[in-house]
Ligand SMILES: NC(=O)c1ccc[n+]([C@@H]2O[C@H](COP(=O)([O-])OP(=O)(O)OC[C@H]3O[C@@H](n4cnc5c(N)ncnc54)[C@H](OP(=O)(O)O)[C@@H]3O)[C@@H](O)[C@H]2O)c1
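Given as structure tokens, the chain that follows is alone and in the form predicted alone.
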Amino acid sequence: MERRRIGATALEVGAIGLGCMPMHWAYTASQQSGEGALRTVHAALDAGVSLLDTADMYGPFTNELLVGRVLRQRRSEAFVSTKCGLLVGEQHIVANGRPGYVKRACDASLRRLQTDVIDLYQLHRPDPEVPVEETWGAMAELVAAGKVRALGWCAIGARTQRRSGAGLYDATVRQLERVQQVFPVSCVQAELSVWSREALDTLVPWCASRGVGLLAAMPLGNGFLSGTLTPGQGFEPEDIRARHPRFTAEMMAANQPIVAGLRRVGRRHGATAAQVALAWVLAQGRHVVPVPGTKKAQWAVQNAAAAELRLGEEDLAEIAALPRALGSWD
């Protein structure tokens, strides 16, 4: 698989990563995953994927434990990215950016991941009660201590920080400028897909101009862009799509022309709609690495094959002309 560089560091990863979250969080109950999830991670590595993206809150903790079982056998083949800064309670998820907590969280992640070093350690969300420079400074100390190789910023929660009239990632860019003064940001993780393109306005070019990598989260639009979901099919209660405005039967039906367009492009290349969606993300810059999440080995292998798909100017123009997605994304 093609390799891409994460930031200005010498860290390189396969052009397509694996989001491990669906195996234990947001899409499925933890008891529903197990050896099947383990096979999925191994299948992804076999297909050339190296970046495994997880977080301590997924489960919580069980997702890191799963990745740790793989790393124990195949550490040299994997690039592990995990996150800190969010605590899961019975009713709420709260941010914790206190320096002491960040350091303890890192040590706990290292134990669960069964590794001596985390390749990319991301701040999952800034704590509004702690100056972000203090949190980032503590993370920088982890690099100095040899526990972490590079630092990243997760901007997936940017919508909750958005002010009326502001661009989606305006606040994120301001925060990134602040922490860059403390220690280099190697990578930013944010939503980017054919039906969620806001990152192209400011965040993707900001990263490109500063040699910062961009991990594209949800590049398949929570599975919608794969074309495997049927309007009105329903979702399990623990699945976040059961409460998502874009996954009502009405909105899924209204957005079918987007999937149809991806399929048209795919037919010219012998590729699936999902592979075209991932290839489009790859085409947004050499610093961009899509990280599709899945819990099934067959999809992990199919997603990895998208790294070989090269979209031409005609393909990209056709995708650019597709209708914008309908329905709130909040």
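Numbering starts at 1 and runs along the sequence shown. The structure presented is a predicted model; accordingly, all values stated were derived computationally and were not measured.
Unshown form predicted together with the ligand; subsequent notes refer to it.
- Here the chain stands alone, but in the predicted complex its contact with the ligand, taken as any heavy atom within 4.5 Å, falls in 118-126 among 172-180, 105-113, 250-258, 118-126.
- A heavy atom within 4.5 Å of the ligand in the predicted complex is found for one listed residue only; from Val49, Val41, Val289, Ala274, this is Ala274.
- The single contact residue among Ala138, Val194, Leu214, Cys154, judged by any heavy atom lying within 4.5 Å of the ligand in the predicted complex, is Cys154.
- Although the partner is absent here, Gly14 lies well away from the ligand in the predicted complex, with no heavy atom inside 4.5 Å.
- Although the partner is absent from this view, Thr202 stays clear of the ligand in the predicted complex, with no non-hydrogen atom inside 4.5 angstroms.
- When the ligand is considered in the predicted complex, Trp299 lines it closely, a heavy atom lying within 4.5 Å.
- Among heavy atoms of Gly85, none comes within 4.5 Å of the ligand in the predicted complex.
- Looking at 214-233, the residues that come within 4.5 Å of the ligand in the predicted complex, counting any heavy atom, are Ala217, Met218, Pro219, Leu220, Gly221, Asn222, Gly223, Ser226, Thr228.
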